[in-house]
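First come two forms of one protein chain, each written alone as structure tokens, so that there is a structure 1 and a structure 2.
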Structure 1
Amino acid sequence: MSTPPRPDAARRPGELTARELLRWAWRQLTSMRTALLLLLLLALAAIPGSVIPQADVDSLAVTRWKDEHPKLTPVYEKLDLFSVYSSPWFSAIYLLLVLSLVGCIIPRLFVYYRALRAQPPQAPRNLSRMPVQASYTTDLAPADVLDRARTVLGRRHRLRVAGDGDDYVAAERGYVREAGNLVFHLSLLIVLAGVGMGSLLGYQGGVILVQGSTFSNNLTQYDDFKPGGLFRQGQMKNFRFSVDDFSIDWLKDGPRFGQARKFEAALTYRVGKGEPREYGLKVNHPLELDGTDVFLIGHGYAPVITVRDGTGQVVHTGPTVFLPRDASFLSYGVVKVPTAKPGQIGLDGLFFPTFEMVDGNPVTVFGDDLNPTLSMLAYTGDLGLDDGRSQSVYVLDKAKATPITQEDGKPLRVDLQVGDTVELPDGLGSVTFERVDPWIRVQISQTPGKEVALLGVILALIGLCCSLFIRPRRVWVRAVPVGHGDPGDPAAAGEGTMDGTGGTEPMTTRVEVAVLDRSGNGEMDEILTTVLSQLQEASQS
């Protein structure tokens, strides 16, 4: 871990001053004030990440932002403002905080350990000078009063072992408060460890699967994959699953018209060489396979498009994944057929789940596929697939391709409804829209350490509650004999009359009770009243 920033002065004169300075710096770093300032700094440092798009959260938004702010982008990049939470400056703050925490809490552990073994401290010489105190007189002998006090307080306090001739009882309770405080702070380290494990050892991957397809868990099958820094391929578990069916419930009326619910993908999965099993994968109900979690996080449409080339040969057929552009599920997709003869064929365009012309504009009025319609443009020429560069399946490289045109010279629109076929001009072939299959997007991830982090926060919460709700306090009860004839006012009885003066007179006992709040938040007067009434009740019985 990094040492606190050390002023250059540290290297000046003798070794001793350097050491002193270090010690001074360490004391500063581990002081409550520094902890407080670092906490506020951490809060402040977290703000930019909520205003500026973050690459980890929404990389698309980052790209868009960069396009809109070409001047600011380099500055922001230098300041890591697109990845605030993994930036060196953000890390520096919380690492300093951790350092401060360790430096603050570890010594307190020892102090606490000693306090646990020590006895409650002696009663102060003069209880009547304590801020919260009271006294009364009773006919009971001092020894009896102290016995009672021991019973009453002994139930919920730790008592100081009485020494010879002690005229008081000393009691203390609430040790758990500091224990809670220590547990809370140390648990934060556990949380940090858990989170760290997750980001170093885990991975997250996503894949789009059309209904009917099968996924087996190896790297090549993922569309995208984000491994942690210490990820090893060996940790990928051996499982496979197929998407047998996907169903949705679309709301056809009410204020949420058009919203979809009850997404469910029927999976058949198999872990290793185990039996095939079935699972209904739903939002909020991930499937855990041998420590790897599978989540349903998106869905869309894959029109099944068949392309025949000029020779009448089927050169392409199958579901083509279209990506939704907005909540209406208007989707965009691409078909590439480099093997078609006489010329390559490329298609790109839109899919309308429920097509309708509204005011002369083609729109989709609903997310469900009630009137599925394709509207695409066709291209021929070189689709750029032959030069070995990898290409996204969702992008059509039109650099060397030309639009296929109609006789009037306008680009040919391939508008299709299910079952339709459009012939391409110049004997290039034909395009058929067979049907629509749904696809789902699943996220597959391993998050090692998530249980550690959870355990950490739960421990922290328990510690926190102990620390906040347990009110440590000390109680002292002193009983001294006084002469019976003394004035009734106990306060006026004063210190001077400790040993009863009138030897022949019957003795009474003056009882002094003081309570000390160690947290600064208790309602001490209430507690004093309770203790008093318990003592007096006990003495009456």
Structure 2
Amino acid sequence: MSTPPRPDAARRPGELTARELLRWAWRQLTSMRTALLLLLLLALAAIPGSVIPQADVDSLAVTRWKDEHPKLTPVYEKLDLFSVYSSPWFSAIYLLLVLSLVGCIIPRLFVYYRALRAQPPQAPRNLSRMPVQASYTTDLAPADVLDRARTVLGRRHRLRVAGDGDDYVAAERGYVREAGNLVFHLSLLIVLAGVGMGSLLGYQGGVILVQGSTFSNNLTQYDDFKPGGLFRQGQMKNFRFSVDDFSIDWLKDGPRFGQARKFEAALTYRVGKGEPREYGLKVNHPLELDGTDVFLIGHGYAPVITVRDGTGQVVHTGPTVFLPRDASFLSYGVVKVPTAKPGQIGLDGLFFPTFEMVDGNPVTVFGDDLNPTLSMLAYTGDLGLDDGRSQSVYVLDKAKATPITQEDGKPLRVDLQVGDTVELPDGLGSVTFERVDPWIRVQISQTPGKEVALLGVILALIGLCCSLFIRPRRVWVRAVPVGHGDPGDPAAAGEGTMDGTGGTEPMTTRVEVAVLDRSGNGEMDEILTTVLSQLQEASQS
């Protein structure tokens, strides 16, 4: 009877089963080449996040960018370019990189662990063929030479366990290098775990606070809030703080004229029911409140504007946040007054911290508020606040509004300096510029895994230093008995040979020493000389 053909016989060359295909895909994913490629791809994918404003970092900049680029905004929103680091495509690259790294690292951990526990290798058959070797003879017996070699090399080397009949001593040092490799690869997993904990369990939010205002740590107080996947509102700590003052040290001369050198916000904070405390919040010097960090990341100006309607009633007063548009702090802002009578009033325009006319154009020549000036256009009518749609406080809906005009029909521009008041035509009311208050933008974040990630980074540095600076080497010492005048006689015994008078001729021992460097160090001749001198000193003692 003929045997039935195996199922594999019908497969075409190169055809893989589902299991083989999965194994092949896993091997490709966990190769070091794929990990490096994914790392490069992740770096390229992060470029849009550093060029395009990100909603979780500065939602105000995102709003301003959308206003300036209305045609590109829908495309960017479809591609999640305003939230690159939380987009599905970026997350997919990141997760593939994590899988690839884990698949690369875990097998190597076992390799390095076995290398860390391994014994030195056996001595080569012919030590004289080693690139760095030497030999000498001694009157000591081979056993005594090997004992002394173990004593000398055992101080700083790991010795191979001697077997029956071994005529050599094998020693190796530099195992800390393997420990460094092990720690370095393990630390990468620790860093990934720490970053993952922070992303899943933590949160990050931002808020703009005008000087004199108070912030309490609850969701309603944030301008933008980005929680982790496993974040729970109960994790938020009970604290609050007030912005008492904000100061900037402006450079008023020299090559860096006009730049700010120092920012400091004077805060008064309280954690839970504790006593109030003061803190000077600076850039790169966050305030830590019960495991939550408060960072100073931006500042600007909030002109205090008072609007009276046609009846003379104050319908709006207080600081209005204006957003900087460039390094000179030329800022844009909006005022909305839906309760004004006889009609709603809207203002939008620019704030000039240090106003000057240059070649007939209004400019700000300095970031400090030395000559603060407002220049805004006025609107009345329906501002779109009653149709139920959400609306940014930094955008004025002019679709149904009517520009307020002067007698000549030109749009009315409200130009104000501190203390000025402009009357609106047609009995609509008036606008007064009271003063300028500074505002700061703070980022508040809770990152539970940052200590774990920091530990991983420290371990990675330690492991990397061990891998780079520890130089592993191997040393072999072989002792072979030889007859006097016949150093190559393998039959010679350690008790001597008969001479012509019938006595015994003393035996000698040939000692061979070889050194092998595993890191390419060129100092092996010096090390060989040191080992030889130590062995010969031990022989003479």
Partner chain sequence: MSNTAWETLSNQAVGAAGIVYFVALVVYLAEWAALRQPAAERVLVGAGSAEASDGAAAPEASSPGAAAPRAARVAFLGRLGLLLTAIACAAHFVALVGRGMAADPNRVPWGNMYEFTLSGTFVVALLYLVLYKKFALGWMGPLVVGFVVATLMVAVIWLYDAVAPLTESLNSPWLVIHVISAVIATGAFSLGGIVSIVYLVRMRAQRRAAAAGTELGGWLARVPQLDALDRLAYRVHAFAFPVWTFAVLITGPIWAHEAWSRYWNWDPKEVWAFITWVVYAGYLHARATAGWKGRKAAVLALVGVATLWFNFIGINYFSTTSQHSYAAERVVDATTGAAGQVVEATIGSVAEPLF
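The structure displayed is predicted, hence computed values, not measured ones. We call the rigid core the largest set of C-alpha positions that still match within 1.5 Å between the two forms. FYI, numbering is relative to structure 1, first residue = 1.
Q: 1 or 2: which is the form predicted together with its partner chain?
A: Structure 1 is the one predicted together with its partner chain.
Q: So with the core overlaid, does the Cα of residue 169 end up 2 Å or more away between structure 1 and structure 2?
A: Where the cores coincide, residue 169 still shows a C-alpha shift between structure 1 and structure 2 that is 2 Å or more.
Q: After a core superposition, would you say residue 77 shifts its C-alpha by at least 2 Å between structure 1 and structure 2?
A: Comparing the forms between structure 1 and structure 2, which are aligned on their rigid core, residue 77 does shift its C-alpha by 2 Å or more.
Q: Is it true that residue 105 shifts between structure 1 and structure 2 by 2 Å or more at the Cα, once the core is aligned?
A: Moves: yes, 2 Å or greater.
Q: Could you tell me the distance the CA of residue 53 travels between structure 1 and structure 2 after a rigid core superposition, in angstrom?
A: For residue 53, the alpha-carbon shift amounts to 8.4 Å.
Q: For residue 123, tell me the Cα shift between structure 1 and structure 2 once the rigid core is superposed, in Å to one decimal.
A: Its C-alpha shift, to one decimal, is 4.3 Å.
Q: For residue 148, tell me the Cα shift between structure 1 and structure 2 once the rigid core is superposed, in Å to one decimal.
A: Shift of residue 148 at C-alpha, rigid core superposed: 3.6 Å.
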